[in-house]
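Next up: a single chain in C-alpha cells, the form predicted alone.
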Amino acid sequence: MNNSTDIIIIGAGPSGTAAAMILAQAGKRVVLIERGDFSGCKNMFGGAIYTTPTKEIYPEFWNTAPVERGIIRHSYALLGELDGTTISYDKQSSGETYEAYSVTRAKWDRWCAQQAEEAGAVLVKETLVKEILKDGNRIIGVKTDTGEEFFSKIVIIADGVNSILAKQLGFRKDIKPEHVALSIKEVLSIQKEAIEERFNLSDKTGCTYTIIGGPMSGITGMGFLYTGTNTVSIGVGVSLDDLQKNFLKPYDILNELKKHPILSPLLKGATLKEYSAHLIPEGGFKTIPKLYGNGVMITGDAAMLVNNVHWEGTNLAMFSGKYAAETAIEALEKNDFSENTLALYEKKLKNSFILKDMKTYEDVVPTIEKNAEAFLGYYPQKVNEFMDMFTTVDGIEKKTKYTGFISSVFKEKTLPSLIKDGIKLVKLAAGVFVK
C-alpha cells in the first residue's frame, strides 16, 4: 500500500468512521488507523443513539445497522437506601422509526467502519500511532508502533479521551481527575420475553434509566440502564476525583446498585455477558482543547466533546467527524491545509448544536460537583422521604406528618443553607435558559 494519502484518521470510533466515510464518498483518499482488532473493540457507552442527528450521516441506518430496540421510555430513578422514586416519560413511535435506538458499540462501530470501507476508505487495524510527523510547524503524517510512516495532507485525531497525540502536539495538558468520569458497565443476558414483561415493553421497543442516589448518594456519579433485544446494560459513571478522594471502587458501587430493591427484580436470573470500563470526558465546554492547527484537526472524545447533562457523546462525536470531513474536503479542493483554512472546522462546531449546548451547560457539572452531597444526596433522599410519608396510611393525620417533615428539613439544614442551595439552583436554571 502506498504510504502517501490525502487524509489520515487516527481512531475508528464514531467520529473517525463518520469522517472517513464522508471523505471517501467525496472521492478523497483516506486511511483510517485503528489500534484494536476491530472498530469498537475498545469502546464503551451506555447504549443508545439518536435518530435525527444520526440519519444525517447514515440515512435510513435503521434498515441495515445493528440496532436493537426503539427507545419509547426514559425513566429517572431517585434511589434511597431501600426505596426510590421513579419518573418516566413515554413516547410511542408515530411512524416506522423511533427517536432513539439501543445499540451495542462493538457492533455499531463495526457497521460504521464497514460503511467507510464500502465508500472507499482503507482501514488499517491492530496499528498504534505513536508519533505525529511534522515539517516545521505543519503536520505531515504519522509514525506507528512498528516504525512505519504514513504521510498525508491532513491528519484527523480521533483517538479518544486520553489522547496522547493531542497532548504531544501541545493542544492540551494532562487531564485532571475532576474533568473525567470512570464509567463501568455490565451487559447482562436476560431472556427477551423476560425483558419485555419486566419493563412493560413490546417486541421491538426499549427503555432507558438514569439513576441518582443509592450507592452513589452524595458523590458526583450517576447510574444508567438500557434494554437490548436480549440483554440489559447497567453501569455507573463516577467522577475520578470523587473515587480517589473517597477511596471508592467503581465495581463495588455497581454491585451495590444491582442489589438495590428497585432494580434487582429487573435483573433477576441475569448472567454476565460483558464487562467494560472507560474514561468519559466530564469537564465540559471549559476543557475543550485547541481543535485545529496546520494540517490537523481533533474530534470526538479527544476534543472533550461530551454533554454529560444529557448523556450525549456518540452523536457529538459523529457530527464532529462530519464537520472535520467537510472542512478537509474544502481544504483539499483549495490545496490549502493551513491553520487559517482548517479554522472552518471550529466555526462549524460553534454554529452547530454541539458547542452551543456545551456552552449552555458549562456550569452545570461543576456546580453539581461542588454540591454533590446536597444535590445528589440529601435532596433526593428527602424526595423519597416525602413520597413515603405521602403514600403511607397509618392513622396519623396528614397535617401532623407534613409539619413533622418540614420541621425535619429545618433541623437538618439551616434556613441560610436552604436559601443558599435554592439560589444556586435558580442561578443554574437561569444560566441555562439565558444562554
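In this text, residue numbers run from 1 along the sequence as written. The structure displayed is predicted, hence computed values, not measured ones.
Same protein, other form: the form predicted in complex with a small molecule, not shown, and the subject of what follows.
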To test your reading of this chain, name the stretch in 350-358, 127-135, 255-263, 76-84 whose heavy atoms come within 4.5 Å of the small molecule in the predicted complex. 127-135
So in the predicted complex, does any heavy atom of residue 62 sit within 4.5 Å of the small molecule? no
Residue 50 near the small molecule in the predicted complex, any heavy atom under 4.5 Å? yes
The small molecule contact in the predicted complex: residue 311, any heavy atom under 4.5 Å: yes
Can you work out whether residue 10 and the small molecule are in contact in the predicted complex, taking contact to mean some heavy atom pair no more than 4.5 Å apart? yes
Heavy atom of each of 176, 282 and 363 within 4.5 Å of the small molecule in the predicted complex: no
Contact with the small molecule in the predicted complex, heavy atom within 4.5 Å, among 226, 150, 292, 323 goes to 226
The listed residue (180, 113, 306, 154) that reaches within 4.5 Å of the small molecule in the predicted complex by any heavy atom is 306
